[in-house]
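Given as structure tokens, the chain that follows is alone and in the form predicted alone.
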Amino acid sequence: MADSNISPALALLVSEVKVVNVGLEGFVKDLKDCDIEVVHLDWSPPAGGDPEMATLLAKLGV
């Protein structure tokens, strides 16, 4: 049970760190090496980051 006398910010700082890593897989190893729980989400920008192509794909609902 959390101590109701501490601020939410302090409670966050003293709690266990859990990370969701998006995109850059290199961070996963570093976090795991520090015994930090991490989930990796393999993500890249739509259309390879091409804004014009991404707009066209969005119009298609892809």
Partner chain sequence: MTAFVLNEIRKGFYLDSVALMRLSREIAGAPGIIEAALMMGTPANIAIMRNAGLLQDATTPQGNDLVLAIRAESEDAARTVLAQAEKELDKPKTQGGGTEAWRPRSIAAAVNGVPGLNLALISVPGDFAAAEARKALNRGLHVMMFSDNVSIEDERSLKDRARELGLLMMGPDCGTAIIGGAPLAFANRLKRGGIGIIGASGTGTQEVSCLISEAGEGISHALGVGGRDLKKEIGGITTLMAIDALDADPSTERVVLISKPPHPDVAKAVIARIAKSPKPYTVCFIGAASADLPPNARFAPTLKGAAEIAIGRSIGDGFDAQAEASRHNRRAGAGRIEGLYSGGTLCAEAQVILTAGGREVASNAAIPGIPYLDSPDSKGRERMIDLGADEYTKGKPHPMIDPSVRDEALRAALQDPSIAVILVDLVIGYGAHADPAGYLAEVVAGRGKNAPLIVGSVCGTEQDPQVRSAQIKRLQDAGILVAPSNEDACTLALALVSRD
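Positions refer to the first chain, counted from 1. Here the rigid core means the biggest group of C-alpha atoms that line up within 1.5 Å when the two forms are laid on top of each other. Please read all numbers here as calculations on a predicted model, not as lab measurements.
Quick note: we don't show the form predicted together with its partner chain, though the next part is all about it.
Proximity of Thr55 to its partner chain in the predicted complex falls within the 4.5 Å heavy atom cutoff. Taking a 4.5 Å heavy atom cutoff to its partner chain in the predicted complex, the contacting residues in 34 to 59 are Cys34, Ile36, Glu37, Val39, His40, Leu41, Asp42, Trp43, Ser44, Pro45, Pro46, Gly48, Gly49, Asp50, Pro51, Ala54, Thr55, Ala58, Lys59.
For Ala54, the Cα coordinates differ by 2 angstroms or more between this form and the one not shown after the core has been superposed. Relative to the superposed rigid core, Val19 undergoes a CA displacement smaller than 2 Å between this form and the one not shown. When the rigid core is held fixed, the Cα atom of Val39 travels less than 2 angstroms between this form and the one not shown.
Relative to the displayed conformation, the Cα-Cα distance from Ala54 to Val22 shrinks by 3 Å or more in the predicted complex. Cα of Leu41 to Cα of Thr55: at least 3 Å shorter in the predicted complex than in the shown structure.
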